[in-house]
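Only one chain is shown below, in structure tokens, and it's the form predicted on its own.
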């Protein structure tokens, strides 16, 4: 498995496994542990989570599984996120969903994640979404405290635009290591708003969630997805691969920003196909055909 260096002492596997939908997999702790080990046998050692996933339960489920084999933690790179307060029956006092980046809240959620995941440290903590009330002084204070105490090794962001990253980075002593954003042949907004160019310029290697566009590129739901899937099938046939998801991952891996796709499947065969996609090399024309299918109009 190719490794991507994000900072001194930090590498991600090129393919990342996402754990947002653990509840859907209906695995007990032993089954989840076995599944994680299968994923790691494929060379994937980086796992993505968040405090809110599964109505604040997914981190704990991973922690319960790792408690059965604590030595596995040292072989893993764990990424989690904080900042979003969702409407939840666990917090009935909340009237709306909102984002909280006060220093005390970031620290609180990081410490909750440590307890849930049953680990002494997080490899990377991401701010989950940008906020109009984010105070970079408070974020810097929280990051500094968590790093000094050895609770979080590195920090990054998620769903941030280039100006959001730049504004926060100006107040931090250490470089943000990644921006986790939605990228797929269906979702190309970050190519159009300059975010991908910014990643290349700053060597900020992006994590890509929803590479299959929440299933739209498996089962098309509209004219756009139908258009893209038609091209994906054509290119899959040209490359001699049976499934279009391999082409999707190859399309993401082709980009010079060094996109790190997040595969959130609970099925090992689908995860294996994303790993095997690393062997595929799309031509520039094939990559562009997919991009144009998403745009719906030819390049100028």
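Here the structure is a predicted model, which is why all the values come from computation and not from measurement. Residue numbers count along the first chain shown, from 1.
What comes next is about the form predicted together with a further copy of the same chain, which does not appear here.
Contact with a further copy of the same chain in the model of the complex, judged as any non-hydrogen atom within 4.5 angstroms, is confined among 220-228, 144-152, 106-114, 88-96 to 88-96. Within this chain, residue 174 is remote from the site of a further copy of the same chain in the model of the complex, having no heavy atom within 4.5 Å. Contact annotation for residue 201: at least one heavy atom lies within 4.5 Å of a further copy of the same chain in the model of the complex. Interface membership of residue 121, defined by any non-hydrogen atom within 4.5 Å of a further copy of the same chain in the model of the complex, is ruled out. For residue 287, a non-hydrogen atom is located within 4.5 Å of a further copy of the same chain in the model of the complex, even though that partner is not displayed. Along 160-176, a non-hydrogen atom within 4.5 Å of a further copy of the same chain in the model of the complex is carried by 163, 164, 166, 167, 170, 171, in order along the sequence.
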